[in-house]
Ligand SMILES: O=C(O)CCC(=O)CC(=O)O
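This document opens with one chain alone, in C-alpha cells, the form predicted on its own.
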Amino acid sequence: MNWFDAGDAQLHWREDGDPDGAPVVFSNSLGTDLRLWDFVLERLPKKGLRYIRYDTRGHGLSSSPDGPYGMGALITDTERLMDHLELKDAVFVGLSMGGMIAQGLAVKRLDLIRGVVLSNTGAKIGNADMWNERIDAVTAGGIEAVADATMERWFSKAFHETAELQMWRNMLTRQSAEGYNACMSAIAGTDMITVTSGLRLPAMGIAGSEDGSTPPDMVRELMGLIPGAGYELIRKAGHLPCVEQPDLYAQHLMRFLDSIGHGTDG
C-alpha cells in the first residue's frame, strides 16, 4: 500500500500500468474508493500509460480529518499528491465529486493537467438544502440510513437484479460516516460554473442514461461551458457507468486519450 501525507490528511494511493507512461489520474465519487476504477483499468493498455488513483480524504483507507471540508481542501490534497509523484501534463478522470475536483484542479494548476474526463458530474450538484437533509440523516442513522436511496440513484434497474449490487452497497456503508458527511458539505458549498467556463483544454464528458444523481442533461450543460468539449452518453447505466458498462467506458476513455496523443502512440 502507498501512503502520502498531504498535511492535514493522509492519502492512500495506488499505481498501475507503465511506470514510464503518460500519467492518467483517477478520482472517486462520494461513497466509493479507488476500487471504483478496477473494471475499467482491467480493460486499458498495460504499456504507454501510468495510472494513478487514490482514496479521497474521508474515504477508503485515507484518513478522515475533522470536517466539514471545503472543495478547496479536496483539490489541494490531489495537487499535493501529484506534485509528490512529480506528475505533469496528466489526463485527469473524475467521477461526480471527483469530477468537481478535476474542474478545480484544472483551474488552479493547468501545469498538472492537459486534459480532463468529467464523468457523471456537474459544475454544481444539487443544493444546500438537499445535502443538509442527507447530512442530518447520516448523522442520525449512519450511512445505512441513505444506502437504499443511494443505490437507486447509482445503478440502473437491470443492475439492481444482480448479486453485485450488494458489493457496492457494502462499499458505501463501510465508508466513514464522518468523512462522508464532511465531503457532502464540500459538494454542497461548490459552484464552479464561472471558473469552469474559463477552462480551455481538451475535455470529454461521460453520462449514464439512468443516472439519478447527475442526469445526462447536467453533464451536457457542464460540457457546454468548455469550448470544444466532447460528450458521451452510456446507455443502460446509472451514476457509475465505469461499473455497469466498463467496456464502453474504457473505449470512450481510450478514444479521448488517442485523440490528444496521450500515451504510447502520442
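Note that the structure is a prediction, hence the values are computed from the model and not measured. One-based numbering along the sequence shown.
There is also a form predicted in complex with this ligand; it is not shown, and the following applies to it.
With this ligand omitted here, the record of contacts in the predicted bound form names 151-159 of 151-159, 189-197, 73-81, 107-115, defined by a heavy atom within 4.5 Å. Taking the partner from the other structure, this ligand in the predicted bound form has no heavy atom within 4.5 Å of any heavy atom of residue 204. In the predicted bound form, this ligand sits within 4.5 Å of a heavy atom of residue 97.
Among heavy atoms of residue 223, none comes within 4.5 Å of this ligand in the predicted bound form. Using a 4.5 angstroms limit between non-hydrogen atoms, residue 34 is distant from this ligand in the predicted bound form.
Shown without its partner, this chain lists 234, 49, 219, 30 as candidates; in the predicted bound form, only 30 has a non-hydrogen atom within 4.5 angstroms of this ligand.
Contact check for 134, 180 and 239: all three have a heavy atom within 4.5 Å of this ligand in the predicted bound form.
In this stretch, 211-233, the one residue having a heavy atom within 4.5 Å of this ligand in the predicted bound form is 213; the partner itself is omitted from this view.
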